[in-house]
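Before any questions on how it binds or moves, here is one chain, the form predicted on its own, in structure tokens.
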Amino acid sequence: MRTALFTLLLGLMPPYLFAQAESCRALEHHGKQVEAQACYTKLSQSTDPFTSAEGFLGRGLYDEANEQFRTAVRLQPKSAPIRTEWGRLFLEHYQPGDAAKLFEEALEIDPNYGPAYLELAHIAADRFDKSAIDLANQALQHDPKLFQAHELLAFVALEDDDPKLAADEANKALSLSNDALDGMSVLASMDWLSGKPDSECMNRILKIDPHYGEAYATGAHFFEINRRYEEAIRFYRKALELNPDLWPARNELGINLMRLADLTGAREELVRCYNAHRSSPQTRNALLFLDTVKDYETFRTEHAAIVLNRKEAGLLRPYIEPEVERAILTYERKYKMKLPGPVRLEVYPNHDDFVVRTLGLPGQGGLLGVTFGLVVAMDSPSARPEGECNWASTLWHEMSHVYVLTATHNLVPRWFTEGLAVHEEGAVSPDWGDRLTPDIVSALQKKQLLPVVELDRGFVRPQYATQVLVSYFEAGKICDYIVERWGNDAIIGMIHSYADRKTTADAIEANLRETPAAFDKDFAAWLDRKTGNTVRHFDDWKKGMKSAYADLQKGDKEGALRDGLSVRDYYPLYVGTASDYELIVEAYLGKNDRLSAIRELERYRAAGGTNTDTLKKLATLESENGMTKEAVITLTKLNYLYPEDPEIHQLLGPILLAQHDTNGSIREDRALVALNPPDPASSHYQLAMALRAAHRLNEAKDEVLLALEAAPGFKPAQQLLLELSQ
């Protein structure tokens, strides 16, 4: 949300020039765009560089304005208003870093200058940074009449899903200025979000400024952060109907069209921004991304369209297609509904491409998948370091969003849809879902979980570094608790409640028959039974682990084993770096106790361990000790974690063939071939053997010929070709 500051510049320019600047802003504020531009043109012709800069800024001529501001600062280096207005230029031109520097310099000159605090608050709000609230309040402390600060506080409160506070702040802004259009925009957005399309506040805005598209853009923003992307697109279009030169809205329209896979429409809007020199970094990144769509291929199943990069489609398609269909059929039964159309699943081997596709900016490291209605985009396992991305777990998580968002018409709060998706991961496989990490244990020790009715705050505007991670865990456990105590029908009931625009408090009381306060108390007791042992012994566990690893470093394997076993059950869900399991396994193997090592590694696997080297060690030990069924379980998990590893398929294919699972063996051998292994002859030969077992003799012969093409003297392939020919 951007608001032009009507800064008082008396003393910095003659009164008549100040009156001219004020009159230009007043004309613009009341929708008289032609007159306002004529006024700004006159200002830009002033011999005073600051006045001229304001004129050029009003006309959108940033280069000219920048030069005049530079001159003005040179002439008046101790002017906080000049630096603040110059910073606003950079902010309008999508350069928040440069803008912040100027606002901070303004405050060094005058620590009491309220407008500079307000502009810093805008920058923080754009980043969903909690400091936005403190900065806006500081602006009001130094300038109580700065109604724009109340407008910003109203905007942030509505983002935090606190409509009462949002209304209070918007009304405070209106009590200071009848023309607080952004305050009215927040009130109008509250009407639109609650299903009231005809807002009296919007009617009031249009009477003041018939071209104030910013109001609809504000409404679009709130639809967007509530995952109501189709409505967001409609409102961005309404904003542009009122003001076609509202470039921030056009940028956002393009990004949202891209999210819903309207790539042609997205490109059209984004190119318009680029050609007008009004493109944001998101726009430029999105246009670069759209140039790569030719590298992708679409495969259609009964219920989905799967978009894969050509370079890894041969490897991933045999795994992803059946997993998508299995998820859809499972959720149809579980949620008792059918989707209105096919799901579009896009899988990206480059993480920055995935993030640009979904958010518009690269560098957002934590995301694995994002859902926009029936469109799902996610990282390929190759987009992440080995073992960091369980693609199947991510897929089931996002597919849950597809159903819940569709069933509720996108009216579900973030905590519930995220928590339910985490729950569903664990329902498919107990070793999936969110782990009880040390950061979460620390938050439990500090009692940092939020009440259920406030849990959305932990996702939207976190108060500490790991709060989003903690909120995912808490939301997932809440849904586990609901299903365990009330059954899956209670979850379905809450979905229906949200579809009927009920609050979380109403949904809990209607479906769980208790108040939110009672629910919080009962949930806390349930969670303590699940995690309390770890929380209470966390410090003991850390001390024991430190001692055990010190023993191991000294070569005292018996001491390491003793110390590791003594604390393992304090924190059995820790499977991160330098876990107790890995230490104990190393000690067992040092004693040549392979069976004990296998048992410990299987505990690691069951607890959700994802280190691929550790799991490959387990699969090898299981296979060498004749535990082929267990080896298949381990290797299948490795396929979910990192199918790009040829060794996994090389091990799994022959085991499945020996178990007469010819289709599974063929899938693994084809994956091995798709990875271009260093020994192509053996890989094609292995695939040929599986195809022969499936009585697909012509295909088997083709693979043998490819093996001999790679290694003409490969005797096993020569023998197999002879047998197939006969």
Partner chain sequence: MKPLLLLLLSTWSMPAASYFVTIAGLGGTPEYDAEFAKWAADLDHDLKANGPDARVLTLTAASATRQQIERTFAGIAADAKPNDSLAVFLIGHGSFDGTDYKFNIPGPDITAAELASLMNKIPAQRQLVVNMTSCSGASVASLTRKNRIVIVSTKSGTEKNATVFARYWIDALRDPAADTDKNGTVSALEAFDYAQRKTAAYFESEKLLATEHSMLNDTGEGSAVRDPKPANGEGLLAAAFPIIRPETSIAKATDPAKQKLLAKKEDLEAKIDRLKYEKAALSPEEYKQQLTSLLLELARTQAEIDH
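Residue numbers count along the first chain shown, from 1. A quick note: this is a predicted structure, and the numbers were derived from the prediction, not measured.
The protein also exists as the form predicted in complex with the partner chain; that form is not presented, and the subsequent description refers to it.
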item	value
Contact test in the model of the complex: residue 701 vs the partner chain, heavy atoms, 4.5 Å	yes
Contact flag, residue 709 vs the partner chain in the model of the complex, heavy atom cut 4.5 Å	yes
Heavy atom of residue 681 within 4.5 Å of the partner chain in the model of the complex	yes
4.5 angstroms heavy atom contact with the partner chain in the model of the complex for residue 718	yes
Partner-proximal stretch of 62-70, 688-696, 671-679, 30-38 relative to the partner chain in the model of the complex, 4.5 angstroms, heavy atom	671-679
